[in-house]
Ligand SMILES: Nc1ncnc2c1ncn2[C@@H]1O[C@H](COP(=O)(O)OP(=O)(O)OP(=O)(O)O)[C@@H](O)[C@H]1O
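Okay, here we've got a single chain as structure tokens, the form predicted alone, with questions on binding and movement later.
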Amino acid sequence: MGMGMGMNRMMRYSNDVPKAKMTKELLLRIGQYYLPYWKRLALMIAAVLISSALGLVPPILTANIIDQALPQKSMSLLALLTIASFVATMGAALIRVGEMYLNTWVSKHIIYDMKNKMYNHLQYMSIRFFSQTKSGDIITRLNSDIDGIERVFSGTLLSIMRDAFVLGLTAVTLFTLNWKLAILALVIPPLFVSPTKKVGQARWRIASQIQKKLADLNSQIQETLNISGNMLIKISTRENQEYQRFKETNKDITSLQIYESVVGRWFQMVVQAFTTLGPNLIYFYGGYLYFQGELSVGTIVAFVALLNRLYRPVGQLSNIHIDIARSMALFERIFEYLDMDHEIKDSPNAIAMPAVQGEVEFEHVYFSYTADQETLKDISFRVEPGQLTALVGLSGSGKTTITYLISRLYLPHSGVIRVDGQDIRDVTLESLRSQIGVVTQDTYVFNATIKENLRYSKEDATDDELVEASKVANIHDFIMELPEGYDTLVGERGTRLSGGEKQRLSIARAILKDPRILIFDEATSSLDSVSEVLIQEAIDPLLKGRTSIVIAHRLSTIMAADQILVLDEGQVVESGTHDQLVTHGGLYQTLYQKQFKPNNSLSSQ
């Protein structure tokens, strides 16, 4: 009963997925991946044609051995025919080795190309895409899906060519031997074709569901088996619940894979039955023709030998159709990502932005993450070159969104953002972002050495430059206390560093980049007092002489600002200096009294 329920559930899963569409456009698109390797492909086709032709030689020579050499008792003819058959067999085998090498070389390079293309395409997808897409799904499509279609390139094309050549050459040879037997032999293969499409569609639907489930499984692995996720699981004592969730998804995948493996087995059984029936029919009808004196014993034997070469490619071509149909699910998932447009990209006439002075201007800017709620509403302000502008406001007021828009991580829905009077939509992303430095609270570091993390902002930085930047950022002494100094691995997501140490590392990175415009999200009071002092000392030289836009949490930064923008529900409700705003009686005065005033807790973003 349990097995029946499981099969019903799997059938429901497979029926939820639309049917495969093996369109001409899709097949042509797949075929384009062969174009860079057409010379090797042409050589492989020639090799397949020659080896297929050589495969016909032994059965024909066998007929000559039976009908001529043996009745004549001619040892010389027997030896000649036997040697020729052996040479043809060995020649075909050697050529097939070359076929396999060329086929493997081409298919591996196609997979290499596809992974490169997918990774490069994803690199330029917007932050919105990564915020809305499970990382497990991205990994599944980049790795599992592309690896899954390798069989199409490595085996399918070669099999189609070989089987088609063998089928065509064998059919012609059969007709040259005896047209009556040839017609009988060719009656059976069409019977293999009719069920093939249904089997292929069923396997395609199951394959689609398997890949979706694999993406879910990869997402759970990604989220729960990293240090941050696993720590939350332990603190929340959710180990058993996560295990049960993993177990259930894994069970579905296993059931689907079992179901896929049995789909079409009945069809293969029918094929086997007909391939067994064929030789018996040839022996029966061939015997009758032999009695009538229309053909020889050797011809009958050759016919049966060639019949295997006829039925085998027909059966294989049927299975190939099923495999191709299954692979369409993977191709469609891959092309779905590749066809996604880059939301943020250079315009056709984009120019490289020259070295900037640092003027930043927002003019009537509107933006929203979702259609039903505006995040920024009619934002207008101007930051002069070298000015320090502090953004203050309650959590969710739009401070971080403003910094995202300056770097063109998102595009405003309306309004204009300018740097040095130039609309940032008219300049290349690289030339804009290369002149903007960003230091965030949640500093990301790679699982690499401190030296490698520092050089991420300036690849050709010398060791002396690394040391100097680290000294300015107040982290050099800490680094030197580590066992391997600048060559120390920081661990996954920088787990060997504290929050304050990671932010000082990020400050050092920004110093190495030496941007004209700096966006800085100050650390909150969650840092210990020593880290706060060290970071504050590192901030001063970082801000000096640059256009700085700071999401401010410290009174010292706010009081030093040339202008303060007070945000509330996506709007700039107040602007001015600290002295102007603190007595104004508005939101800033309230924030100052509750959050910024000495001896009060500092706000978090």
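Numbers follow the displayed sequence, beginning with 1. Small disclaimer: the values here were computed from a predicted structure and weren't measured.
Quick note: we don't show the form predicted in complex with this ligand, though the next part is all about it.
A.B. asks: Given a 4.5 Å cut-off on heavy atoms, tell me which of 81-89, 101-109, 387-395, 295-303 is the interface stretch with this ligand in the predicted bound form.
C.D. replies: Heavy-atom contact with the partner occurs in 387-395.
A.B. asks: Since only the chain is shown here, I'm wondering whether S407 would be in contact with this ligand in the predicted bound form (any heavy atom pair within 4.5 Å).
C.D. replies: So S407 does not count as contacting this ligand.
A.B. asks: Just to confirm, K399 within 4.5 Å of this ligand in the predicted bound form by heavy atoms?
C.D. replies: Flag for K399 set to yes.
A.B. asks: Contact with this ligand in the predicted bound form for T375, defined as at least one heavy atom pair within 4.5 Å: yes or no?
C.D. replies: Output for T375 is yes: heavy atoms within 4.5 Å of this ligand.
A.B. asks: Is there a non-hydrogen atom of Y369 within 4.5 angstroms of a non-hydrogen atom of this ligand in the predicted bound form?
C.D. replies: Although this ligand is absent here, Y369 would touch it in the predicted bound form, with heavy atoms inside 4.5 Å.
A.B. asks: Can you pick out, from S131, Q123, S76, N349, the residue that has a heavy atom within 4.5 Å of this ligand in the predicted bound form?
C.D. replies: Of the listed residues, the single hit is S131.
A.B. asks: In the predicted bound form, which of the listed residues (Q422, T224, T449, Q441) lies with a heavy atom within 4.5 Å of this ligand?
C.D. replies: The option sitting close enough to the partner is Q441.
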